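Shown here is one chain on its own, the form predicted on its own, set out as structure tokens.
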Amino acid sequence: MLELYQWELSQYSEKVRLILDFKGLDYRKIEVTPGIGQVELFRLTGQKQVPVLKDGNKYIADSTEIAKYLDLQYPERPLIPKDPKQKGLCLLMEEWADESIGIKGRKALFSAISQDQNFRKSLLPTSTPDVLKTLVGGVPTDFLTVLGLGVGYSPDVIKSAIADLKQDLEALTLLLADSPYLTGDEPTLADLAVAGLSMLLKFPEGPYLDLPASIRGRGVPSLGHNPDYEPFFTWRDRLYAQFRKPLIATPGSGSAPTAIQID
């Protein structure tokens, strides 16, 4: 069975989870512990970032490379169109989504959780002890602002990221106004990338993530709850309903992640 080394809250991991579900492939999620788990991942793959897909004895890093690998090895329900122009558009949009929505979405989410302690607590895994949830929820906003500065998330950087994301969501809403999918009449890698990477802007409504149910449908207020972008998120959630498998308790079927165990 395929194994996905991931973080549950990683939008790039979610992109791959959506791709695997779209293709109807069974897989097991393995949550990589930040720090020690990444050291083990580096030993196996030469890099520390998730997602990483394991297929037999082969490890594939990077969400785009995973998508290309899956299309070659598991050609049912192709991700990338054969038509040259559609293929070019698909790959261009996927790369754009990675660099824009994927990266800027983190900054926008950081801003939202800095201002809302209940939102912060909701992002913790369901197994988190209540005492730790209380501790995280009580972190002062000023401390989070300083922490943001330490990782390059200054107020100006966050403001710029949110402004860019508003333009992105406006463009996507316009593109989908008279088309079921971004590049034509069939879903492609572009659609799955945009949908999965937008997770941090507004979490999907359904039971797809190993996070408290209270997080479903919540997002960055100026983005996820802006009526101007509602058509986009309605499209996104419809795509989820079509292709994303909901969480179930049965091990080994894309359900809640197991503890990391690297051979």
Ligand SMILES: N[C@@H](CCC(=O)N[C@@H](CS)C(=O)NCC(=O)O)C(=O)O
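Everything quoted here is computed from the prediction, not taken from an experiment. Sequential numbering from 1, following the sequence displayed.
This next part talks about the form predicted together with this ligand, which is not shown.
Asker: Determine whether any heavy atom of K54 comes within 4.5 Å of a heavy atom of this ligand in the model of the complex, and answer yes or no.
Answerer: No.
Asker: Mark V50 yes when one of its heavy atoms lies within 4.5 Å of a heavy atom of this ligand in the model of the complex, and no otherwise.
Answerer: Because a heavy atom of V50 falls inside 4.5 Å of this ligand in the model of the complex, the answer is yes.
Asker: Answer with yes or no whether D62 is in contact with this ligand in the model of the complex, where contact means some heavy atom within 4.5 Å.
Answerer: Because a heavy atom of D62 falls inside 4.5 Å of this ligand in the model of the complex, the answer is yes.
Asker: Even though the partner isn't displayed, in the model of the complex is Y240 close enough to this ligand, meaning a heavy atom within 4.5 Å?
Answerer: Flag for Y240 set to no.
Asker: For the chain shown here without its partner, which stretch in 84-92, 168-176, 182-190, 98-106 has non-hydrogen atoms within 4.5 angstroms of this ligand in the model of the complex?
Answerer: Only one stretch passes the 4.5 Å heavy-atom test: 98-106.
Asker: Which residues from 1-38 come close to this ligand in the model of the complex, meaning a heavy atom within 4.5 Å?
Answerer: W7, S10, Q11, Y12, Q38, in sequence order.
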